[in-house]
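Next up is one chain by itself, shown in structure tokens, the form predicted on its own.
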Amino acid sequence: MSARDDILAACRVSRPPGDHPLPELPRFPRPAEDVLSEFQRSLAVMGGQWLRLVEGDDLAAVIRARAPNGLIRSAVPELPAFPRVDAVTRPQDLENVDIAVVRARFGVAETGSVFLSDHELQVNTIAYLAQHLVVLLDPEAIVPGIADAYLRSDFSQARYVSLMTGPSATADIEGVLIRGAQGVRSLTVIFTP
């Protein structure tokens, strides 16, 4: 029996008898607003970047231009020219990745967050070990608020979920904001269906 099994068994023994349904998640009406504009604004506030491809842009070329000589790994089928994220044998083998490209299942306008699960990331460490994260997001897949996000079944269907909002940052020391302190140095959302 593993430590995990021991902990879960102890929790089950200590659980009070009876049914304990989860509380109903409330809906919080939000003013009608362009969710894409709100998402862009919220993401920028948190230090993230976004861009829209214009007609004729080649997605691979746009991403390659961000790191001409860097290692780019992809977890999306749209970019077969880049090595796959899941081609490594150990998660720590992703430590030298300059840019990782993933697709978010959806975005949250209120916070500028993107939903990434184990399915989208393929190897969860890629979202933290890569120097820069490029996230493909369908603009039609943006929900208005964080409460709307939690009403989706995506959370209960994944083993691992992260709502990422901009690059890693800390301002613990003398209020100086440092990006990329414990994770990606930049997070760029590219809007593409």
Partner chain sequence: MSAKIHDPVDHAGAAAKFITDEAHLTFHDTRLWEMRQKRDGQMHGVPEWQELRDLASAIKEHTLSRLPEYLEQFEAQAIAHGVQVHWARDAAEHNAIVLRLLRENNAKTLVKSKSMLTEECEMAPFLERHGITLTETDLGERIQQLDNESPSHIVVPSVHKLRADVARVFAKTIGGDPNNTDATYLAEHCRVTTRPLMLDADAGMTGANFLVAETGAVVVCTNEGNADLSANLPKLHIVSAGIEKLIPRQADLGVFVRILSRSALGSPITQYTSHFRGPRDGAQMHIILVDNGRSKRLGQAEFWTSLKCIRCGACMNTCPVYRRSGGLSYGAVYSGPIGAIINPAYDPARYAALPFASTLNGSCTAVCPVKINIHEQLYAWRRIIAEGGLLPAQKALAMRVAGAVLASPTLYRLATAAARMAVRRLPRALLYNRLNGWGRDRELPTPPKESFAAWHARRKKAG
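Positions refer to the first chain, counted from 1. C-alpha atoms forming the largest set that superposes within 1.5 Å between two forms make up the rigid core. Computed from a prediction, not measured in an experiment: that's the story for all the values here.
Omitted here: the form predicted together with its partner chain. The next part is about that form.
Remark: all three candidate residues (I7, Q92 and V161) come within 4.5 Å of its partner chain in the model of the complex, counting heavy atoms only.
The single contact residue among L151, A141, V62, L36, judged by any heavy atom lying within 4.5 Å of its partner chain in the model of the complex, is L151. At the 4.5 Å threshold, heavy atoms of P26 reach its partner chain in the model of the complex.
Looking at L51, you'd find every heavy atom of it more than 4.5 angstroms from its partner chain in the model of the complex. Interface membership of S113, defined by any non-hydrogen atom within 4.5 Å of its partner chain in the model of the complex, is confirmed. Proximity of A44 to its partner chain in the model of the complex: non-hydrogen atoms within 4.5 Å are absent; the residue sits far from the partner. Residues F155, S156, Q157, A158, R159, Y160, V161, S162, L163, M164, T165, G166, P167, S168, A169, T170, A171, D172, I173, E174, G175, V176, I178, R179, G180, A181, Q182, G183, V184, R185 are the ones in 153 to 188 with at least one heavy atom within 4.5 Å of its partner chain in the model of the complex, listed in sequence order.
Here A32 counts as shifted, since its C-alpha moves by at least 2 Å between this form and the one not shown after the core is aligned. Annotation for L177: C-alpha shift under 2 angstroms between this form and the one not shown, rigid core superposed.
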